[in-house]
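Listed next as structure tokens is one chain, alone, in the form predicted alone.
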Amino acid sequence: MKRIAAIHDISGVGKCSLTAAIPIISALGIEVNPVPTAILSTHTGDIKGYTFRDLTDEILPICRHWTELGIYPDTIYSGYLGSRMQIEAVKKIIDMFSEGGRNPFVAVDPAMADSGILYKGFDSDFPGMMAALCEKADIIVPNITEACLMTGTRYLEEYGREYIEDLTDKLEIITGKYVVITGVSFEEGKTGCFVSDKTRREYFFTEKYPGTYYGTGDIFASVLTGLMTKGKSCFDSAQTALKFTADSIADTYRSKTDPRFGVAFEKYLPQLTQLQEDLQ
């Protein structure tokens, strides 16, 4: 069985970060080894009064213990990192799990910004630190804002294909083999992603629903990372991840539940289980 070390925070309510990554990756027939960077009562988007406990000091000891047990993941997958110290810890983890000639696949979701704005609590130096982590990755999954911040590109609300492809060119200078830019839209009512492996490039689109849906980036990146760990191409993986995420959003939209508490992805997990069975 393949093994993924998932380095994310965990929110008790909100279906994001580890509460999304663990069931999704498990449904794909992959063992998930969580490395919690913080624990929260809920995610922080549009919710007040949440509790928070930082776990930075536990990150490296957790992974060192695994190496003492002879446990080395096939993939290292990081998401939201709350500080420079956490970024540095992930870089050390990549080196730690690469000892002895091992070559784990490294996926980085540089979750730090959206809609042209850096998340609260990060300073202007943070994108450069995240870009340094992305240098160690095999695939990165930024949204447009994050791509702009890491490349020093002016953020535009209206853009064309040339803008997205130029962003990708810049990202490919600092990172490894694969780049997936999410939240790409050229027409009203459609959203998707742009996928590049330096030799091939392709857009994938799906229907866009009104409103803000928290955790969808974690859902997309978890499906993508899991499928690539199983050996699927980045293009097939991104297409499947987009459909799974879109189906989950559509179900949430139709049910009229509070989107702050996450999208309804659970009933679609059997699709991933069937998919991983077909891959065996």
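For every residue, the number given is its place in the sequence shown, counted from 1. These numbers come from a predicted model, not from an experiment.
Beyond the structure shown, there is the form predicted in complex with a small molecule, which is absent from this document and is the topic of what follows.
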item: One residue of Thr44, Ser233, Ser26, Asn33 in contact with the small molecule, assessed in the predicted complex (non-hydrogen atom, 4.5 angstroms); value: Thr44
item: Listed residue (Tyr178, Phe194, Phe126, Tyr80) with a non-hydrogen atom within 4.5 angstroms of the small molecule in the predicted complex; value: Tyr80
item: Contact test in the predicted complex: Phe186 vs the small molecule, heavy atoms, 4.5 Å; value: no
item: Val263 within 4.5 Å of the small molecule in the predicted complex, heavy atoms; value: no
item: Distance check, Leu40 to the small molecule in the predicted complex, heavy atom within 4.5 Å; value: yes
item: The small molecule contact in the predicted complex: Tyr163, any heavy atom under 4.5 Å; value: no
